Ligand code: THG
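There is one chain below, alone, in structure tokens, taken in the form predicted alone.
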Amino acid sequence: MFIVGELINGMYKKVGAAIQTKDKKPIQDLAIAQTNAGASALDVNCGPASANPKETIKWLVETIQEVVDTTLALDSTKPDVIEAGLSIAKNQTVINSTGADVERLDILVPMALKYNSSLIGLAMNKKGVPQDKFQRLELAATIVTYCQEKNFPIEKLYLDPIVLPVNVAQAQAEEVLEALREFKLLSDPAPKTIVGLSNISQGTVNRSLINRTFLVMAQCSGLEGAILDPLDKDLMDALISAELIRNKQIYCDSFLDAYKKK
């Protein structure tokens, strides 16, 4: 499972304060903790805490790279901010993210090729979030076709079907699970799949329980990546146990620790 730690985001109070004061320690502590907890990559998002996001994302990238070599998922709605981060990244990167609109694909697919970056493609466009698996498949197919035409390696593409909060769009959870299964049929080789997991429990009680239950269900539908909180031990234990039961790793009595050290 490709685990993207979600916690270095300026929307979080602690991270926003660190960005404002250029305090490296909270950022580096989160980078180390998420990596040690099993994160394959770290999401890096300036959030609303910066008046100059291009300089802020550079500062965040440099700050993180001082303490870990983990892949960085550069997260912004502004392509120039993403490229600012890519330009100084020393290790593997992920662009988070493009939608299915051609004007955004025209910018971000060439950028991903230029920097040898993976790319997250959201099954949505400027009209909004799709309401069933068929709309999700149509938008995902648009992204896959565009990438094929531009010779972007599909193996480096992660498709996100867009998870909606269960408390306001309960029926959409099943639509997402079905879309995850069918995204794999869009091309050969197949694109990978990813979700922004925390969206499923936004605004609910028992968020961790909802997150980990949906995650395991999504894993059984072929999910290969998730943007999540790797410091949620119960969530990570459920993820790792599901990988074991699905024969994605070899059993040993210390399989939980073994997975995180992999």
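Definition used throughout: the rigid core is the maximal C-alpha set that superposes within 1.5 Å between two forms. In case it trips you up, residue 1 is the first one in the sequence shown, and so on. Predicted, not measured: the structure shown is a model, and the values here were computed from it.
Separately, the form predicted together with the named molecule exists; it is not shown, and the next lines address it.
Participant: Exactly one residue in 221, 198, 213, 28 has a non-hydrogen atom within 4.5 Å of the named molecule in the model of the complex; which is it?
Facilitator: Comparing distances to the named molecule in the model of the complex, the residue within 4.5 Å is 198.
Participant: Just to confirm, with a 4.5 Å cut-off on non-hydrogen atoms, which of 202, 65, 208, 50 contacts the named molecule in the model of the complex?
Facilitator: Partner contact (heavy atom, 4.5 Å) among the options: 202.
Participant: The chain here is shown without the named molecule. Which stretch in 83 to 91, 166 to 174, 148 to 156, 116 to 124 comes within 4.5 angstroms of it in the model of the complex, by heavy atom distance?
Facilitator: Within 4.5 Å of the partner lies stretch 116 to 124.
Participant: With a cut-off of 4.5 Å between heavy atoms, is residue 227 one of the residues that contacts the named molecule in the model of the complex?
Facilitator: Contact check for residue 227: yes, within 4.5 Å of the named molecule in the model of the complex.
Participant: So in the model of the complex, does residue 245 come within 4.5 Å of the named molecule, heavy atom to heavy atom?
Facilitator: Contact check for residue 245: no, nothing within 4.5 Å of the named molecule in the model of the complex.
Participant: Can any non-hydrogen atom of residue 250 be found within 4.5 angstroms of the named molecule in the model of the complex?
Facilitator: It does not: once the named molecule is placed as it appears in the model of the complex, residue 250 has no heavy atom within 4.5 Å of it.
Participant: So in the model of the complex, does residue 9 come within 4.5 Å of the named molecule, heavy atom to heavy atom?
Facilitator: Residue 9: yes, in contact with the named molecule in the model of the complex.
Participant: Give, in sequence order, every residue of 170 to 184 that has a heavy atom within 4.5 Å of the named molecule in the model of the complex, or say none if there are no such residues.
Facilitator: Stretch hits: zero.
Participant: Answer yes if the Cα of residue 203 shifts by 2 angstroms or more between this form and the one not shown on a rigid-core superposition, and no otherwise.
Facilitator: No, its C-alpha moves less than 2 Å.
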